[in-house]
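This document opens with one chain alone, in structure tokens, the form predicted on its own.
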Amino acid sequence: MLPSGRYVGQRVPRWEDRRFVEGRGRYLDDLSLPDQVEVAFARSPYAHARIRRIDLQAARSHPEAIGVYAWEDLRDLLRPYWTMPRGPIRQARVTPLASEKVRWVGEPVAVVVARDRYVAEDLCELVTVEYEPLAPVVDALEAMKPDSPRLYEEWPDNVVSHQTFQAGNPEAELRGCAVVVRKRFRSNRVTAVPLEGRGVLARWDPREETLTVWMGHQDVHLARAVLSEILGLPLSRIRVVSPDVGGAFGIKLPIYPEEMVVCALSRLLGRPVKWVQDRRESLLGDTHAREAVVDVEAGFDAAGKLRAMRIHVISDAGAYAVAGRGPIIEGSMLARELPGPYDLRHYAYTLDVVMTNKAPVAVYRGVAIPVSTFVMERVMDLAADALQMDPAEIRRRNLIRTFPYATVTGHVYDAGQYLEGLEKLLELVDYGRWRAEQARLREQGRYLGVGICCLVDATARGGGFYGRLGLKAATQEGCILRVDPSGGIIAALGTTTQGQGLHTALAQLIADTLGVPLERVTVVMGDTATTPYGGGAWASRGAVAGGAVALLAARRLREKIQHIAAHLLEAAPEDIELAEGRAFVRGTTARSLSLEEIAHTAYFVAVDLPARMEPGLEVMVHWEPEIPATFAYTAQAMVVEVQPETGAVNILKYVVVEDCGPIINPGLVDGQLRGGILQGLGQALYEDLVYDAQGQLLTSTLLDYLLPGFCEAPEVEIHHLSTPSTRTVGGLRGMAESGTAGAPAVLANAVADALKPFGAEVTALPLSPARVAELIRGQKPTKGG
């Protein structure tokens, strides 16, 4: 379990906040180096075209040009990469700059180097590319047709991965069900839009032949490994540093072509090279996510018990794989984890991951769970309607109650309070009162809806989940923990932080375990030169994996401190207690040593250490979860009022019950939930990356791609349960994605409930005012619907 002390479990203010609030954060664009140059990219205006000729002469001959390059100029410095090294997937060769074809609008074709970004952008206008336009395909269903244009001509179709799975006998079970829900669901394409866009600064040192790369990244060790492979440089010659990061949410996990090209150019030119994207580049070219069509057959018996499901997932992967994450992750997780917190033994899925002429798809906060939860929770409500059962009751009858529970697709839920969480949610939201209020207001022509959702989120992936696919994504984590001679504590971890407060959470664990004031602990992350190898921060693994190694390292170091103190104080190690930066003999304050005195002995008077003890006060620990993931549980309820005239959705009440096991810092957990919920509501209500038939992105500015802001943020009531995981250190579970994962589902169910008098059916996101108005257009409300 977690240590009990002054800090763990408390709302300790974030150590990082003061400098952020005072504007003293140090982000990528705050960095500049002597002799630095900047780049801009000439990008494809076509979604699908063959490149006939690239003419760089006009740009190269301009006096302001420092360098102008196409793929042919860089091919000796950069290696192509492949869709995904292993797994059930077709291979495609990807070059950082387009070489023969372009496959999405915005794909980099050439790069210009100048003294600054402004000049480089102007010179991009002088780059001439002769294209032979080809028919694009922008819809995954169209792309699957036999006569559809091929993105990769060597493939027989556009399906990059076709997978099937079956457990039990869903076909036979469906035949015997009282109710079968058959629907097609669609999820919209979205992207993360962090406050700080992507960027990179690279410096090649020709004297030592080393490359230093600064970029806001979620996994510096992964970044170094991918760059080593692409650049053909040994790992030992590359250092990756992630300064302060203004949000990431998954899109700063892959390595993009721009980052590869900037590194190659620094090596080619022998000087620092920098690129920072603008917002249009961000919307066009950051990885997108969650566009999927899911066809469902779900059978229930007369008592409301889910008996069997068959689904077909068509996942739109865009035009390419991105290095570091393959294109099948989203669809694969969606298919495997769709049953969520419900007991199901007969399940089959077919998955088709399809390439289209749009920006690449990869991971985004919650990876697939927002879509799987949206589909599963709509199915629950539709089945409840068909059985004339309350939505809460059908969930009661299907939630998993006995743990550990092996899911139909092979996961193990080690422990949980799923039913208790639902009951607590219904009590907190005052479910019965809102149902009565809903009936009363409908008589007045007002349309309230009450939505519920329950979900399980797979967090802190372990057990080689990605490694078995050949990706260089470590699921283990490392920590070096040191007491310096002055008694200060330095913890260096392989994970990273993107603004989620991880410095503070890790310091709380270490301070309590070693019995020192919090301000003595310094946490270092995000630099491959100073931290042990680790897996970075994604899949809600910061506290689970980072916290685990920090805790294990602190426990090991505490043991050594106790042995040294016991030796010096002539006591037994088990009688040594650590508190307030001192080691006391239990039961007395008269016999004690400060941590400085113990460290002084460990470093400078080794002859006074216990026999055969290694000098110094430093330990290194690596840890990986025993199971492929640890699972957090969330139940959410929402009350909305829908304006039939405008389609506007007004959130009246929002309650969340979450269970991430023991909590290190409730303030951080609540902040993660609230931030995630707002991102989830963005997908549910506003955000949509819309392409026209020619593959042009129509929502390429923040005037078109609408984001929720402070004014759209609802008040959210949060309640915590605590079911420790039996498979992680301290019982920790991840939770940073639960809010994002549940918000689309609970809002969709609430809106669908509000629209029942109109006979409207909610099967697609987002539920923008226009979409809601379209759902009820021309339909008269019925009483008691």
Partner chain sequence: MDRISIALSVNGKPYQLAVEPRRLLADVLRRDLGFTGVHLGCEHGVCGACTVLLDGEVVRSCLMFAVQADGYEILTVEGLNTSGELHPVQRAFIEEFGFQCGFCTPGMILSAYRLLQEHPNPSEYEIRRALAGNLCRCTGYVDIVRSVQRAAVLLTQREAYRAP
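Positions refer to the first chain, counted from 1. Everything numeric here is computed off the predicted structure, so don't read it as measured data.
Omitted from view is the form predicted in complex with its partner chain, to which the following refers.
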Residues in which of 706-714, 432-440, 531-539, 383-391 have heavy atoms within 4.5 Å of its partner chain in the predicted complex?
706-714
Let me know the one among 245, 458, 516, 362 whose heavy atoms come within 4.5 Å of its partner chain in the predicted complex, would you?
245
Interface residue in the predicted complex among 555, 567, 674, 239, criterion: non-hydrogen atom within 4.5 angstroms of its partner chain
674
In the predicted complex, is there a heavy atom of its partner chain that lies within 4.5 Å of any heavy atom of residue 618, even though the partner is absent here?
no
Is residue 499 close to its partner chain in the predicted complex, meaning a heavy atom pair under 4.5 Å apart or at it?
yes
4.5 Å heavy atom contact, residue 343 and its partner chain in the predicted complex:
no
May I ask you to check whether residue 404 falls inside a 4.5 Å heavy atom distance of its partner chain in the predicted complex?
no
Every residue in 186, 425 and 641 with a non-hydrogen atom within 4.5 Å of its partner chain in the predicted complex?
no
Residues within stretch 200-237 having a non-hydrogen atom within 4.5 Å of its partner chain in the predicted complex
none
